[in-house]
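This document opens with one chain alone, in C-alpha cells, the form predicted on its own.
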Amino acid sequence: MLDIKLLREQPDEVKRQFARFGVDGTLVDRVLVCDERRRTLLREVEELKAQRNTVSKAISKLRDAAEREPQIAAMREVGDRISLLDKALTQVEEEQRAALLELRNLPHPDVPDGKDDSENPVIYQEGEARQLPFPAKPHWELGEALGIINFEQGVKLAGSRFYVLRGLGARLQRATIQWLLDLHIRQGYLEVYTPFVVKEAALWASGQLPKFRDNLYRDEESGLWLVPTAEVPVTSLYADEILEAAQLPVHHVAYTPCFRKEQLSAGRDVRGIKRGHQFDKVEMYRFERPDQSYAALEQLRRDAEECARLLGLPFRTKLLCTGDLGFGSAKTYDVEVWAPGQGEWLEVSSCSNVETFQARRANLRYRPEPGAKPEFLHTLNGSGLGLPRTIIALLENYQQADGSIVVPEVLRPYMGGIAEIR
C-alpha cells in the first residue's frame, strides 16, 4: 500500500511513475477525492463532538429544567447528526482503503522501462546455454523412461496440470528441498514451518488480494485459503507488532507447497512439470530497516544465485523492467537456470524489495531507537529455490546419453549416497 501522504503531496509524480507501467492516474484521483471527503467529514464530526461536550458540561450546571430541556433536545439532534456523519465517515474510509489496495507499488529508480520480459537486461551470468554432446531429451521423456514422473496418474487423481513423482524422482525433490533449507540456514536464515492455509487477512497483507483473487484456492466453509507462496504466511508473522531496532534484521526461510489457479494459455507449456496448480518452493524472507534494505536485496540475490551455483547449473540474473515488474515490487531480480532439453532459460527465483508496500498493509513496524516513534519496515522476499523448475534443470543438465541422470554431489548425502538415477 502506498503512503497517503505521498499521494497528497506528489500526485503528479505518482501518476508519472504509473505511466511507466501503462497505468493511468484515475485511481489516484479517486483516492484523493475520498481523502478530501474523509477529512471534511472528520472535521465536522470532531467539531460537533467538541460542541456536544461543551454544552453537556454547561447543561449539567443548570438547575432550571425550563432552561435545560431545549438544550438537551438540541444536543439530541447534534447526536443524531454525529451518528449519520460517523456512518458516512466509515463508508468513505472503506472506499478510500479499497482504492488504495488497488494501487500498485512504485518502481525504484534503477528499474528500466520496458514493455515485457523480453526487455529485462541480463546483469550477471555464470555458465553458458550449453549444448550436450548428444541429443538432449526434455525432462518429460527422461522422467517417464526412468519411471520417476507419472503424468497419467496425476491427471487421474486431480486433472490436468498435475503429476505424480515416484521413487527416486520423489526422493530427488525431497532431497533438494532439504538441501536448500540447510543451505539457507547456513546463510543466516531462521527456518519457520508455517500453516499451509491462512486467514484472508494474510492475503491482503502480502498483496495477493485483491489483484490475484481469481488465482487463489479457498475453502468457503472455513474461510481459509491455501497458500500460493510461503511469502503470504511469513509476511504476517509479526503483523500489528512493533519490533525493536535491536531485533532487526529478521531473516526467515520456509518451505511450503504452493497452490495457484494458474491462468494458462491454450497450448502453452502443455507438456512436463513446468507449470502446474501445485508446486513446492523454499522461500527466503527478510524484515529490514529501510536504510539497509537495498543492500539486503543484493545479498538476497546472491543467496539465490548460490543455490544454482552449488547445484552446478548454468544461471543468469535479470533485472526486471517496468513491463514485467510485479504488482507489489519496487525492484526485482530473476534468477534463471538453463534447461538444455527444452532449450530455454527457466526462472527459479524472483528476489524482490517491496519496501513498505506490505508493511503498511500488515502494520509491520519497528522502533528506530528507544522511545522513538514507530516506523514501517521494509520487507523482501526471494525464492530459494522454486520447484519443480529446479528439478527440470537438474534432470536435463545431468542427463547422460543412455538416459540416466547423475545426481549432483551436494545432493548425494540427502539421497542416501545415490550417485545416479537409472
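We number the residues from 1 along the sequence you see. Computed from a prediction, not measured in an experiment: that's the story for all the values here.
The next section is about a form of this same protein that is not shown, the form predicted in complex with the RNA.
Among heavy atoms of Ala65, none comes within 4.5 Å of the RNA in the predicted complex. Residue contact with the RNA in the predicted complex: Pro374 places a heavy atom within 4.5 Å of it.
Contact annotation for Glu46: at least one heavy atom lies within 4.5 Å of the RNA in the predicted complex. Using a 4.5 Å cutoff between non-hydrogen atoms, Thr26 does not count as a contact of the RNA in the predicted complex. Residue Arg76 is the only one of Arg76, Arg130, Arg213, Lys156 with a heavy atom lying within 4.5 Å of the RNA in the predicted complex. Taking Leu165, Ala201, Leu181, Ile72 one by one, only a single residue has any non-hydrogen atom within 4.5 Å of the RNA in the predicted complex, and it is Ile72.
Only one segment in the set 379-387, 365-373, 351-359, 392-400 has any non-hydrogen atom within 4.5 angstroms of the RNA in the predicted complex, and it is 365-373. Shown here without the RNA, the chain has Glu46, Lys49, Ala50, Arg52, Asn53, Ser56, Lys57, Ile59, Ser60 in 44-60 lying with a heavy atom within 4.5 Å of that partner in the predicted complex.
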